[in-house]
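Just one chain is shown here, as C-alpha coordinates, and it is the form predicted alone.
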Amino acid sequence: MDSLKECPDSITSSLLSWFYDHRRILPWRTERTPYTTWISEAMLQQTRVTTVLDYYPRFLERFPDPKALADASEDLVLKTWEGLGYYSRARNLMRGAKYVCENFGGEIPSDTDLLITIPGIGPYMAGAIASLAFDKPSPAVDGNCIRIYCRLHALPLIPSDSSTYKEINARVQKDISEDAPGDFNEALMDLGSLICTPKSPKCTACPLKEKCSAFLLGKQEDFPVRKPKKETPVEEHTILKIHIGDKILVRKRPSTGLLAGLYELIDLPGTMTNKQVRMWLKKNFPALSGAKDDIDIRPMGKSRHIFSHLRWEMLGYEIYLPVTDTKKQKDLSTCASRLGEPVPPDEYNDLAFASALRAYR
(Lines give C-alpha, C1' and ligand atoms only; values in the text may rest on other atoms or scores of the structure.)
Protein backbone atom coordinates (compact mmCIF):
# COMPACT_ATOMS: atom_id res chain seq x y z
CA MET A 1 0.00 0.00 0.00
CA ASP A 2 1.92 3.09 -1.24
CA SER A 3 -0.58 5.46 0.36
CA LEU A 4 0.18 3.99 3.79
CA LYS A 5 3.90 4.53 3.30
CA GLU A 6 3.41 8.14 2.25
CA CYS A 7 1.16 9.09 5.19
CA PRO A 8 2.08 6.84 8.12
CA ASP A 9 0.30 9.09 10.65
CA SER A 10 -2.93 9.61 8.71
CA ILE A 11 -6.34 8.41 9.84
CA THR A 12 -6.40 6.18 6.77
CA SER A 13 -3.09 4.45 7.44
CA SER A 14 -3.80 3.98 11.16
CA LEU A 15 -7.21 2.52 10.43
CA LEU A 16 -6.03 0.16 7.69
CA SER A 17 -3.01 -1.03 9.68
CA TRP A 18 -5.33 -1.93 12.55
CA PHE A 19 -7.79 -3.61 10.18
CA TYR A 20 -5.19 -5.84 8.56
CA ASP A 21 -4.19 -7.08 12.01
CA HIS A 22 -7.68 -7.46 13.49
CA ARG A 23 -10.24 -7.89 10.71
CA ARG A 24 -12.95 -10.46 11.14
CA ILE A 25 -12.87 -13.46 8.82
CA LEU A 26 -16.40 -13.67 7.41
CA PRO A 27 -17.74 -15.79 4.52
CA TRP A 28 -18.87 -12.83 2.42
CA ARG A 29 -15.34 -11.40 2.62
CA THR A 30 -13.48 -14.51 1.53
CA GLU A 31 -15.35 -15.04 -1.76
CA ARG A 32 -16.71 -11.65 -2.73
CA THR A 33 -18.77 -10.84 -5.82
CA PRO A 34 -21.10 -7.88 -6.47
CA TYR A 35 -24.11 -10.16 -5.87
CA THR A 36 -22.83 -11.73 -2.64
CA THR A 37 -21.88 -8.26 -1.37
CA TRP A 38 -25.42 -7.07 -2.06
CA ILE A 39 -26.97 -10.07 -0.29
CA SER A 40 -24.69 -9.86 2.77
CA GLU A 41 -25.15 -6.10 3.17
CA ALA A 42 -28.94 -6.47 2.97
CA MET A 43 -28.87 -9.21 5.62
CA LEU A 44 -26.53 -7.27 7.90
CA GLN A 45 -28.82 -4.25 8.10
CA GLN A 46 -30.17 -4.18 11.68
CA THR A 47 -29.13 -7.82 12.20
CA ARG A 48 -26.25 -9.34 14.18
CA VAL A 49 -23.35 -10.87 12.29
CA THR A 50 -23.74 -14.13 14.24
CA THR A 51 -27.32 -14.46 12.97
CA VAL A 52 -26.41 -13.71 9.36
CA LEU A 53 -23.69 -16.40 9.41
CA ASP A 54 -26.42 -19.06 9.44
CA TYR A 55 -28.67 -17.50 6.80
CA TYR A 56 -26.12 -16.27 4.26
CA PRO A 57 -24.94 -19.66 2.88
CA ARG A 58 -28.48 -21.08 2.79
CA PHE A 59 -29.81 -18.10 0.90
CA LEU A 60 -27.01 -18.22 -1.68
CA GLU A 61 -27.38 -21.96 -2.14
CA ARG A 62 -31.03 -21.47 -3.04
CA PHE A 63 -30.62 -18.20 -4.96
CA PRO A 64 -27.03 -18.19 -6.34
CA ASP A 65 -27.45 -15.24 -8.73
CA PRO A 66 -29.85 -12.38 -9.57
CA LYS A 67 -31.79 -14.49 -12.10
CA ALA A 68 -32.49 -17.26 -9.59
CA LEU A 69 -33.75 -14.69 -7.12
CA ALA A 70 -35.79 -12.83 -9.73
CA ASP A 71 -37.48 -16.04 -10.88
CA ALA A 72 -38.31 -17.31 -7.37
CA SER A 73 -41.73 -17.08 -5.76
CA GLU A 74 -42.20 -14.59 -2.97
CA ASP A 75 -43.31 -17.35 -0.61
CA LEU A 76 -40.07 -19.27 -1.17
CA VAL A 77 -37.90 -16.17 -0.67
CA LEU A 78 -39.73 -15.20 2.51
CA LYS A 79 -39.50 -18.78 3.81
CA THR A 80 -35.74 -18.77 3.22
CA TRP A 81 -35.54 -15.39 4.98
CA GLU A 82 -37.78 -16.53 7.85
CA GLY A 83 -36.35 -15.51 11.21
CA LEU A 84 -34.13 -12.68 9.95
CA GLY A 85 -36.90 -10.11 10.43
CA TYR A 86 -37.42 -6.84 8.54
CA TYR A 87 -38.92 -8.79 5.66
CA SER A 88 -39.08 -5.73 3.42
CA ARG A 89 -35.37 -6.39 2.84
CA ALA A 90 -36.16 -9.75 1.22
CA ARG A 91 -38.90 -8.25 -0.94
CA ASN A 92 -36.56 -5.42 -1.97
CA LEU A 93 -33.92 -7.97 -2.96
CA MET A 94 -36.49 -9.69 -5.18
CA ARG A 95 -37.55 -6.40 -6.75
CA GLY A 96 -33.93 -5.42 -7.21
CA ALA A 97 -33.03 -8.75 -8.81
CA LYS A 98 -35.86 -8.40 -11.32
CA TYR A 99 -34.69 -4.87 -12.11
CA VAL A 100 -31.08 -6.02 -12.59
CA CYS A 101 -32.21 -8.79 -14.96
CA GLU A 102 -34.49 -6.48 -16.94
CA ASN A 103 -32.15 -3.48 -17.16
CA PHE A 104 -28.58 -4.76 -16.77
CA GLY A 105 -28.75 -8.24 -18.27
CA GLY A 106 -28.47 -9.89 -14.86
CA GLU A 107 -25.12 -8.19 -14.08
CA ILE A 108 -24.88 -5.77 -11.17
CA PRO A 109 -23.39 -2.46 -12.35
CA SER A 110 -20.31 -0.88 -10.76
CA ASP A 111 -21.35 2.77 -11.05
CA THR A 112 -22.98 4.18 -7.89
CA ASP A 113 -25.41 6.29 -9.95
CA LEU A 114 -26.68 3.10 -11.61
CA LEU A 115 -26.60 1.06 -8.40
CA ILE A 116 -28.85 3.54 -6.66
CA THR A 117 -31.52 3.11 -9.35
CA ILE A 118 -31.98 -0.52 -8.27
CA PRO A 119 -34.97 -0.95 -5.93
CA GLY A 120 -33.82 -1.45 -2.34
CA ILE A 121 -30.33 -0.03 -2.88
CA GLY A 122 -29.71 3.30 -1.13
CA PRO A 123 -26.58 5.45 -0.82
CA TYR A 124 -24.95 3.25 1.83
CA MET A 125 -25.43 -0.02 -0.04
CA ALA A 126 -24.43 1.55 -3.37
CA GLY A 127 -21.20 2.72 -1.74
CA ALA A 128 -20.60 -0.65 -0.14
CA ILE A 129 -21.06 -2.59 -3.40
CA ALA A 130 -18.99 -0.12 -5.44
CA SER A 131 -16.10 -0.14 -2.96
CA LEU A 132 -16.13 -3.73 -1.76
CA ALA A 133 -16.85 -5.46 -5.06
CA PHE A 134 -15.43 -3.01 -7.61
CA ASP A 135 -12.64 -1.21 -5.66
CA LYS A 136 -14.16 2.21 -6.26
CA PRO A 137 -13.49 4.97 -3.69
CA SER A 138 -17.12 5.33 -2.67
CA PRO A 139 -18.03 6.02 0.97
CA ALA A 140 -20.38 3.57 2.68
CA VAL A 141 -21.86 5.69 5.45
CA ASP A 142 -23.93 3.79 8.01
CA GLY A 143 -24.58 4.16 11.73
CA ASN A 144 -21.14 2.83 12.65
CA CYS A 145 -19.43 5.28 10.32
CA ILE A 146 -21.47 8.24 11.58
CA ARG A 147 -20.68 7.37 15.21
CA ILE A 148 -16.94 7.04 14.55
CA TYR A 149 -16.67 10.32 12.67
CA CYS A 150 -18.83 12.25 15.14
CA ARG A 151 -16.48 11.12 17.92
CA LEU A 152 -13.33 11.57 15.87
CA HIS A 153 -14.16 15.23 15.18
CA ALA A 154 -16.42 15.90 18.23
CA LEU A 155 -19.37 16.69 15.96
CA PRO A 156 -22.63 17.26 17.89
CA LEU A 157 -24.78 15.80 15.11
CA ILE A 158 -27.97 13.76 15.22
CA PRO A 159 -27.50 10.53 13.20
CA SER A 160 -31.00 10.53 11.70
CA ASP A 161 -30.72 14.04 10.25
CA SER A 162 -30.12 14.18 6.49
CA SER A 163 -27.55 16.94 7.00
CA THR A 164 -25.52 14.55 9.17
CA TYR A 165 -25.23 12.03 6.34
CA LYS A 166 -23.99 14.74 3.95
CA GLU A 167 -21.42 16.00 6.45
CA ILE A 168 -20.03 12.55 7.28
CA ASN A 169 -20.09 11.41 3.66
CA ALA A 170 -17.95 14.40 2.66
CA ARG A 171 -15.45 13.69 5.45
CA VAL A 172 -15.19 9.99 4.58
CA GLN A 173 -14.71 10.87 0.91
CA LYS A 174 -11.61 12.90 1.88
CA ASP A 175 -10.16 10.04 3.97
CA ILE A 176 -11.05 6.96 1.93
CA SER A 177 -8.09 5.05 0.53
CA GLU A 178 -7.75 5.22 -3.25
CA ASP A 179 -5.80 1.96 -3.19
CA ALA A 180 -8.02 -0.01 -0.81
CA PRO A 181 -11.45 1.63 -0.61
CA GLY A 182 -13.23 -1.60 0.26
CA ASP A 183 -10.80 -2.35 3.07
CA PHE A 184 -11.23 1.19 4.38
CA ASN A 185 -15.01 0.86 4.50
CA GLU A 186 -14.80 -2.58 6.10
CA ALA A 187 -12.32 -1.22 8.63
CA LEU A 188 -14.89 1.37 9.69
CA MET A 189 -17.51 -1.39 9.94
CA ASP A 190 -15.28 -3.50 12.18
CA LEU A 191 -14.11 -0.56 14.27
CA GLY A 192 -17.73 0.45 14.92
CA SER A 193 -18.78 -3.10 15.76
CA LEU A 194 -15.81 -4.13 17.88
CA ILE A 195 -14.27 -0.97 19.37
CA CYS A 196 -16.22 2.26 18.85
CA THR A 197 -19.51 0.83 20.12
CA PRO A 198 -22.53 2.99 21.05
CA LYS A 199 -22.00 2.37 24.77
CA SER A 200 -18.77 1.75 26.68
CA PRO A 201 -16.42 2.08 23.68
CA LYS A 202 -13.05 0.34 24.08
CA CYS A 203 -11.05 3.50 23.47
CA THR A 204 -7.74 2.21 24.80
CA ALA A 205 -7.72 -0.40 22.01
CA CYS A 206 -8.70 2.07 19.27
CA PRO A 207 -6.13 2.82 16.56
CA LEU A 208 -7.53 6.36 16.23
CA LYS A 209 -7.54 7.34 19.91
CA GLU A 210 -4.69 9.82 19.56
CA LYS A 211 -6.58 11.56 16.76
CA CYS A 212 -10.04 11.35 18.36
CA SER A 213 -11.32 14.67 19.71
CA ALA A 214 -14.05 13.06 21.79
CA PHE A 215 -11.53 10.74 23.48
CA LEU A 216 -9.11 13.60 24.19
CA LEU A 217 -12.01 15.56 25.74
CA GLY A 218 -13.15 12.52 27.73
CA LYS A 219 -16.61 12.79 26.17
CA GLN A 220 -16.76 9.76 23.91
CA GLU A 221 -20.37 8.89 24.77
CA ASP A 222 -21.59 12.44 24.19
CA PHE A 223 -21.16 11.98 20.44
CA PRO A 224 -23.20 11.64 18.33
CA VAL A 225 -26.15 13.46 19.89
CA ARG A 226 -29.00 11.16 20.89
CA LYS A 227 -32.59 12.13 20.30
CA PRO A 228 -34.89 11.48 23.29
CA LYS A 229 -36.58 8.11 22.80
CA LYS A 230 -40.31 8.09 22.26
CA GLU A 231 -42.41 5.66 24.25
CA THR A 232 -43.02 2.52 22.21
CA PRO A 233 -46.71 1.92 21.40
CA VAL A 234 -48.12 -1.40 22.67
CA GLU A 235 -50.68 -3.63 20.96
CA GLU A 236 -52.39 -6.62 22.58
CA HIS A 237 -53.12 -9.71 20.50
CA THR A 238 -54.75 -13.09 21.04
CA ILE A 239 -53.22 -15.80 18.85
CA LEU A 240 -55.25 -18.92 18.04
CA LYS A 241 -53.65 -22.06 16.64
CA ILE A 242 -56.74 -23.91 15.43
CA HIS A 243 -56.63 -27.61 14.48
CA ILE A 244 -59.39 -29.00 12.29
CA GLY A 245 -58.81 -32.71 11.96
CA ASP A 246 -55.26 -33.09 10.65
CA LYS A 247 -55.07 -29.50 9.35
CA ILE A 248 -54.09 -26.17 10.90
CA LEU A 249 -55.83 -22.89 10.10
CA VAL A 250 -53.53 -20.18 8.70
CA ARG A 251 -53.97 -16.99 6.76
CA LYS A 252 -51.70 -14.74 4.69
CA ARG A 253 -51.19 -11.16 5.76
CA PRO A 254 -51.89 -8.34 3.25
CA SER A 255 -49.27 -7.54 0.61
CA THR A 256 -48.53 -4.17 2.22
CA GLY A 257 -47.98 -3.02 5.78
CA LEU A 258 -46.42 -4.71 8.79
CA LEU A 259 -45.21 -8.29 8.09
CA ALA A 260 -46.58 -8.02 4.57
CA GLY A 261 -47.02 -11.27 2.67
CA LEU A 262 -46.14 -13.53 5.61
CA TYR A 263 -48.37 -16.23 7.05
CA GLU A 264 -49.91 -16.10 10.49
CA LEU A 265 -52.23 -17.99 12.78
CA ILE A 266 -55.57 -16.43 13.67
CA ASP A 267 -54.71 -13.08 15.25
CA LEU A 268 -57.44 -11.32 17.21
CA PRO A 269 -57.15 -7.85 18.76
CA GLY A 270 -56.97 -7.55 22.54
CA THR A 271 -56.38 -10.15 25.24
CA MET A 272 -59.16 -12.74 25.39
CA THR A 273 -60.06 -15.15 28.17
CA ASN A 274 -60.76 -18.84 27.60
CA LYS A 275 -64.48 -18.08 27.80
CA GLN A 276 -64.25 -15.28 25.23
CA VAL A 277 -62.29 -17.52 22.87
CA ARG A 278 -64.95 -20.20 23.20
CA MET A 279 -67.68 -17.68 22.37
CA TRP A 280 -65.70 -16.43 19.36
CA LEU A 281 -65.30 -19.99 18.09
CA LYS A 282 -69.01 -20.74 18.32
CA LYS A 283 -69.83 -17.50 16.53
CA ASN A 284 -67.41 -18.16 13.67
CA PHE A 285 -67.99 -21.92 13.45
CA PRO A 286 -71.80 -22.32 13.56
CA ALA A 287 -71.35 -26.08 13.29
CA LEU A 288 -70.20 -25.98 16.92
CA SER A 289 -73.32 -24.21 18.21
CA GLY A 290 -75.84 -26.31 20.05
CA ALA A 291 -73.57 -29.32 20.04
CA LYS A 292 -71.96 -30.83 23.08
CA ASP A 293 -69.31 -28.39 24.22
CA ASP A 294 -66.20 -30.50 23.72
CA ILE A 295 -63.96 -27.84 22.18
CA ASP A 296 -60.42 -28.48 23.43
CA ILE A 297 -58.80 -25.13 24.30
CA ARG A 298 -55.27 -25.24 25.68
CA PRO A 299 -53.48 -22.08 26.95
CA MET A 300 -50.11 -21.47 25.28
CA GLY A 301 -49.02 -18.64 27.55
CA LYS A 302 -47.86 -15.10 26.95
CA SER A 303 -45.27 -13.85 24.49
CA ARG A 304 -43.80 -10.49 23.57
CA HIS A 305 -42.31 -9.26 20.31
CA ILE A 306 -40.60 -5.91 19.89
CA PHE A 307 -40.53 -4.30 16.46
CA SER A 308 -38.49 -1.18 15.72
CA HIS A 309 -41.55 1.02 16.32
CA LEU A 310 -44.05 -1.17 18.12
CA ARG A 311 -44.41 -3.82 20.84
CA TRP A 312 -46.82 -6.75 20.68
CA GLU A 313 -48.06 -8.36 23.87
CA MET A 314 -49.63 -11.71 22.96
CA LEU A 315 -51.63 -14.46 24.62
CA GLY A 316 -51.95 -17.75 22.79
CA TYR A 317 -54.34 -20.71 22.72
CA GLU A 318 -54.06 -24.02 20.91
CA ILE A 319 -57.49 -25.26 19.87
CA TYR A 320 -58.67 -28.65 18.67
CA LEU A 321 -62.13 -28.49 17.15
CA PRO A 322 -64.23 -31.64 17.61
CA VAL A 323 -64.37 -33.62 14.37
CA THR A 324 -66.69 -36.60 14.80
CA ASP A 325 -67.25 -37.47 11.14
CA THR A 326 -66.50 -36.41 7.57
CA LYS A 327 -69.56 -34.11 7.38
CA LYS A 328 -68.54 -32.33 10.57
CA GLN A 329 -65.00 -31.78 9.25
CA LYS A 330 -66.38 -30.46 5.96
CA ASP A 331 -68.70 -28.02 7.78
CA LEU A 332 -65.85 -26.76 9.97
CA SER A 333 -63.51 -26.45 6.99
CA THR A 334 -66.13 -24.42 5.11
CA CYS A 335 -66.37 -22.00 8.05
CA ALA A 336 -62.58 -21.92 8.35
CA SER A 337 -62.17 -20.93 4.70
CA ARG A 338 -63.84 -17.61 5.53
CA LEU A 339 -61.10 -16.94 8.08
CA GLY A 340 -58.09 -18.37 6.27
CA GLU A 341 -56.96 -21.70 4.87
CA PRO A 342 -56.68 -25.08 6.64
CA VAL A 343 -53.38 -26.66 5.59
CA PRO A 344 -51.78 -30.08 6.33
CA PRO A 345 -48.65 -30.24 8.54
CA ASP A 346 -46.13 -30.62 5.68
CA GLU A 347 -47.48 -27.52 3.93
CA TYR A 348 -47.72 -25.68 7.26
CA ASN A 349 -44.01 -26.28 7.90
CA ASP A 350 -43.08 -24.86 4.48
CA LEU A 351 -44.87 -21.54 4.98
CA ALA A 352 -43.00 -18.36 5.91
CA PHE A 353 -44.36 -17.16 9.24
CA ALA A 354 -43.75 -13.90 11.05
CA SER A 355 -41.02 -14.25 13.68
CA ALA A 356 -43.39 -12.57 16.14
CA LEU A 357 -45.39 -15.81 16.23
CA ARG A 358 -42.44 -18.09 16.91
CA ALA A 359 -43.69 -18.93 20.41
CA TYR A 360 -46.98 -20.22 18.98
CA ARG A 361 -45.82 -21.51 15.57
Ligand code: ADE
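Start at 1 and count along the sequence shown; that's the residue number. Predicted model, so just to flag it, every value in this text is computed and none were measured.
Just so it is clear, the following notes concern the form predicted together with the named molecule, a form of the same protein that is not shown.
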{"query": "Non-hydrogen atom within 4.5 Å of the named molecule in the predicted bound form for each of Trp28, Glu41 and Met189", "finding": "yes"}
{"query": "Partner-facing stretch of 173-181, 240-248, 160-168, 124-132, counted where any non-hydrogen atom is within 4.5 angstroms of the named molecule in the predicted bound form", "finding": "124-132"}
{"query": "Answer option from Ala68, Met300, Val49, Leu310, heavy atom within 4.5 Å of the named molecule in the predicted bound form", "finding": "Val49"}
{"query": "Contact flag, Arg24 vs the named molecule in the predicted bound form, heavy atom cut 4.5 Å", "finding": "yes"}
